[in-house]
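The chain below stands alone and is given as structure tokens, in the form predicted on its own.
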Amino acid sequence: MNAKRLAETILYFFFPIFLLLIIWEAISRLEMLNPALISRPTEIFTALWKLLLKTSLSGQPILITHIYFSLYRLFFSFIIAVAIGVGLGILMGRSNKIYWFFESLITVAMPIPGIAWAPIFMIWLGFGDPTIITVGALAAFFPIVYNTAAGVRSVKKEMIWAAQSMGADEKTIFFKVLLPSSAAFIFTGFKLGLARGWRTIIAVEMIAASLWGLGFMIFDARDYLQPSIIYGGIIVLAALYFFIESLIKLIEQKTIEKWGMVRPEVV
């Protein structure tokens, strides 16, 4: 991506947000919105700045600590979901018996919101990281396994037969045929799983976190009637996920777009 295209992308993305913030600020200053319920953007960013300057007992900025714990939980839950989801998805894609055994179970369990599992795991594992990470991994698991299985099953048998006819073994077929051909599906599962896991972790933090995490920060601000922190937390959530998804897209550009598996995005 050249400098001109990058500047255009940033402009197209941030200009509507900047315009919305200006309109929001103007409407708030005209007292068309209840300040006790809807804070001004300037008040929101001031509250976030104060949280960035204020430190915890460990000496770390409070906002950074909340962000760290949420990202730490997301990272471990996503790694668990990828390890299990991709492995099982490949098995489901390669074997009809395994596919038909797990397909009905996944179909039934996938629509259940991740937050619905939280009370069960709170009973089993208690409050804190074990419950939050487990529920986050479970939420991210379903899109990953489903898309991986769909990707492997979408590979044409003629491609596998052609590789076998040229003497390719199972390892070569997997790394040279199955994995590249299903990579677009797998990356889609990663993005869907990451988004679902992120939403679930923040929601579960509101009820299962003992002290830290962005979900806890938002929920705690509600108890103390601090709408600026609530809105600020939501803005931080959106900004963090935008950064995470940008990293995923960068990996896509270096892999499946480069391999020609999908068309590059056109701006």
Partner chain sequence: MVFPISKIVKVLRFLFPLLISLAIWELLATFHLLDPKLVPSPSRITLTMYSLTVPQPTLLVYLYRSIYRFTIGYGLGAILGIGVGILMGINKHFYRMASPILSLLISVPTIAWVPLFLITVGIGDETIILAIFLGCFFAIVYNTMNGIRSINKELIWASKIMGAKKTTIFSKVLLPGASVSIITGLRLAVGYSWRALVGAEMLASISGGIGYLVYAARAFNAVNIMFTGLVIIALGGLIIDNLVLGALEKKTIEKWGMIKKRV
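Predicted model, so just to flag it, every value in this text is computed and none were measured. In this text, rigid core is short for the largest set of C-alphas that superpose within 1.5 Å between two forms. Numbering follows the first chain given and starts at 1.
Another form, the form predicted together with its partner chain, is not on view; read the next lines as being about it.
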Please run the contact check for Ile120 against its partner chain in the predicted bound form: heavy atoms, 4.5 angstroms, yes or no?
-> yes
Check whether Ile84 has any heavy atom within 4.5 Å of a heavy atom of its partner chain in the predicted bound form, and answer yes or no.
-> no
Its partner chain contact in the predicted bound form: Ala209, any heavy atom under 4.5 Å | no
According to a 4.5 angstroms non-hydrogen atom cut-off, is Arg40 in contact with its partner chain in the predicted bound form?
-> no
Non-hydrogen atoms within 4.5 angstroms of its partner chain in the predicted bound form: do Ile112, Tyr231 and Ile234 all have one?
-> yes
Among 195 to 203, 52 to 60, 65 to 73, 25 to 33, mark the stretch whose residues have heavy atoms within 4.5 Å of its partner chain in the predicted bound form.
-> 195 to 203
When its partner chain is considered in the predicted bound form, the residues of 11 to 40 having a heavy atom within 4.5 Å of it are Tyr12, Phe13, Phe15, Pro16, Ile17, Leu19, Leu20, Ala36, Leu37
Once the core is aligned, please say if the CA of Leu33 is shifted by at least 2 angstroms between the shown form and the other one.
-> yes
